[in-house]
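One chain comes next, on its own, written as structure tokens: the form predicted on its own.
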Amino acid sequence: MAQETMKIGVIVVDVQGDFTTFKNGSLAVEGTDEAYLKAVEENTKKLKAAGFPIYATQDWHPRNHISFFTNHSGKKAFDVIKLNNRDQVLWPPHCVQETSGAEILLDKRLFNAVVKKGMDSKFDSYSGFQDDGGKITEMDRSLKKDRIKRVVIYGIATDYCVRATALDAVATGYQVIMIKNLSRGVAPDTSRKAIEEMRAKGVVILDDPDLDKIKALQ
């Protein structure tokens, strides 16, 4: 059983100040209050106690990042423009390197590794595995080093970074479980669509992190 447990890892996506109402973040997602953060931390501690290595993703943008509306003259927050042959949502500046808003709000001792993303000013990076330009992060290397075959994913936001990380995990060859009640989305309709898309790609959607169900997935 210990050998099987070591093959399961947990990815906690972007639980950072700027994405939470708890910290009045610049890009706060609804439902990310103190109670949400407490639930994420308590459940992450339980998963770690069960023997699962824990990994975090962390948005870590330079100030001149292409996704910030402030870097596009005449544009406003949440405008959508074409960049690099894809739709780019223009966000309020968020998770700027070395600022308090970029800080992960969970006990840092929980994590085997923190994988930074979004560091290239020219490309957005929703996924914990790669940015929109195809540049890979340290995530896959870290998981393979620890012999992880199955990943449990949750965090912020369901319809953006959780979705992209889960889909890239599937594409990279991992079995994937997404925990719905430990994730929060930007909007209900896009979150529902994201969950449907993840399920269609083979992601197992669980309401809560049930250890027996996580271990039983084949």
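Numbers for residues come from their place in the sequence shown, where the first is 1. Computed from a predicted structure; not experimentally measured.
A second form of this protein, the form predicted in complex with a small molecule, is not displayed here; the remarks below concern that form.
A.B. asks: Looking at 144-152, 87-95, 107-115, 131-139, which lies within 4.5 angstroms of the small molecule in the model of the complex, counting heavy atoms?
C.D. replies: Stretch with heavy atoms near the partner: 87-95.
A.B. asks: Taking a heavy atom within 4.5 Å as contact, would all three of I66, M119 and F123 count as contacting the small molecule in the model of the complex?
C.D. replies: No, the candidate spot makes no contact with the small molecule.
A.B. asks: By the heavy atom within 4.5 Å rule, which residue out of I177, L27, V40, I54 makes contact with the small molecule in the model of the complex?
C.D. replies: The residue from I177, L27, V40, I54 that makes the contact is L27.
A.B. asks: How about I156 - does it come within 4.5 Å of the small molecule in the model of the complex, if we only consider non-hydrogen atoms?
C.D. replies: Judged by the heavy-atom cut-off of 4.5 Å, I156 is in contact with the small molecule in the model of the complex.
A.B. asks: Can D14 be called a contact residue for the small molecule in the model of the complex at 4.5 Å between heavy atoms?
C.D. replies: Close contact exists here: in the model of the complex, D14 approaches the small molecule to within 4.5 Å, heavy atoms only.
A.B. asks: In the model of the complex, does L182 have a heavy atom within 4.5 Å of the small molecule?
C.D. replies: L182: no, not in contact with the small molecule in the model of the complex.
A.B. asks: Using a 4.5 angstroms cut-off on non-hydrogen atoms, would Y36 count as touching the small molecule in the model of the complex?
C.D. replies: Output for Y36 is no: heavy atoms all beyond 4.5 Å of the small molecule.
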